[in-house]
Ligand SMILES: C[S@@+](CC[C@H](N)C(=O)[O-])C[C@H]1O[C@@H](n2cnc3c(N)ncnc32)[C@H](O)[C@@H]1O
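Only one chain comes next, encoded as structure tokens, the form predicted on its own.
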């Protein structure tokens, strides 16, 4: 029996030149072939039904409309799961710790990597939850999503901005890098490089929320996405995302890069699998850990570092 390699359709139907951000053409039959080779025939059928021109190149406008629609439904899921509140539960104390560090006066800058429609940035701007001294920026490689995020922010009268491009090539340095639902797009081998890039920057911390790798995650994803997502692509990718989620050991080992203290919030042993949908991996400059724990209060007991891991175990190929 062919083993299914978990690929998300949304990762395959768009392509960007990382050097200049230019949109690249994507051939429909090539994506269909990749999905069939991975053992995912249902996903291949979804892509086979997407519009393409006479040469078999996917219609970029149709793809953009589809992705904006799917991300709009994802935003509704984020609202229902109160993702903004969950993030502020940690980001609030994190910025309190940064402000307490006398060597880094504000203003500060939060950069959301892979912001999509910018739900997190727009929610933070609308609520003012992090304070007026935190500038809010969303960055994404997908120009259509960034354009829609910018349109929504202007329509809502929000003080935030969105940039099409690479988050690590912004002319302004970030104080804190964040993301939601991005880490599972990286294979285990690429995660450490992702974290090392942030540690090598002037940033003081990173805080990346992703799907908690519990036994219930794929089941929950299937239920939520079937109930809330109308297009088969959204339903498919939501379940695949949960299956690709990294476990505690993988996250902590990858985030333990030079210059950062890696901390996982709500590891599997301390979390309720029925309630924990997303949880964060943090990296903070070592001097920030004590004031962060102080700002968190009793919740700091849910922070664990790499020293709490067991022996290194073999990791399955993703």
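Positions refer to the first chain, counted from 1. Given the structure is predicted, the values throughout are model-derived calculations rather than measurements.
In what follows, reference is made to the form predicted in complex with this ligand, a form of this protein that is not presented.
Here the marked residues 140, 166 and 180 all reach this ligand in the model of the complex, each with a heavy atom within 4.5 angstroms. Taking non-hydrogen atoms only, residue 185 approaches this ligand to within 4.5 angstroms in the model of the complex.
Among residues of the shown chain, residue 203 is not one whose heavy atoms approach this ligand to within 4.5 Å in the model of the complex.
Although the partner is absent here, residue 114 is a contact residue: one of its heavy atoms lies within 4.5 angstroms of this ligand in the model of the complex. Within 4.5 Å of some heavy atom of this ligand in the model of the complex lies at least one heavy atom of residue 74.
Considering this ligand in the model of the complex, the lone stretch of 140-148, 89-97, 153-161, 243-251 in range is 140-148 [heavy atom distance within 4.5 Å].
The Cα-Cα distance between residue 184 and residue 170 is shortened by 3 Å or more in the model of the complex relative to the form shown here. Between residue 170 and residue 261, the Cα distance is smaller in the model of the complex than in this structure, by no less than 3 angstroms.
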